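One chain is shown next in structure tokens, namely the form predicted alone.
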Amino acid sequence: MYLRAFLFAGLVCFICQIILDNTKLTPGHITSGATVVGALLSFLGIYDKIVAWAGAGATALISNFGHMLYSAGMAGYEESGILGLFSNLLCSSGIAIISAVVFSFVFTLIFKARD
């Protein structure tokens, strides 16, 4: 399982690094694209199979955030309709968003940005 997680996460990072090095896309573009790809793979029913195969190698990547948003939105929609889509989306993704903000703030206090 560890080898599969390492191989999948390494392959995704390798592909993103190749795109970053050979295009004019910024890291923000790559991150947004990976999130959209995760949501698209979740829509197609593929991301759950990837998680079953790669385990933590698939859940630690930014593409999992897209998968999480899609899954939470669809669960809310099935439960409560269009309003459930938005309410469940925010409830399920809130912890990820808050932790990203908090950790970013803490790291800006610890490390100094380079020019």
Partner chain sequence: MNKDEYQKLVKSLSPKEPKLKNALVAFGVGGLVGFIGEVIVRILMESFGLSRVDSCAWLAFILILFASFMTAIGKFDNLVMKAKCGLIIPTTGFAHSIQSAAIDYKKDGLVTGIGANIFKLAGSVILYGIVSAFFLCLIKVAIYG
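For clarity, every value in this text was computed on a predicted model and none was experimentally measured. We call the rigid core the largest set of C-alpha positions that still match within 1.5 Å between the two forms. Residue numbers count along the first chain shown, from 1.
There is another form of the same protein, the form predicted together with the partner chain; it is not shown, and what comes next is about it.
Contact annotation for Leu25: none of its heavy atoms lies within 4.5 Å of the partner chain in the predicted bound form. In the predicted bound form, Ile50 stays away from the partner chain, with no heavy atom inside 4.5 Å. Within this chain, Asn88 is remote from the site of the partner chain in the predicted bound form, having no heavy atom within 4.5 Å. Using a 4.5 angstroms threshold between heavy atoms, Val36 counts as touching the partner chain in the predicted bound form.
In the predicted bound form, Tyr2, Ala5, Phe6, Leu7, Ala9, Gly10, Leu11, Val12, Cys13, Phe14, Cys16 are the residues of 2 to 16 with at least one heavy atom within 4.5 Å of the partner chain, listed from first to last. Val106 shows a C-alpha shift of 2 Å or greater between this form and the one not shown [criterion: core-superposed Cα displacement of 2 Å].
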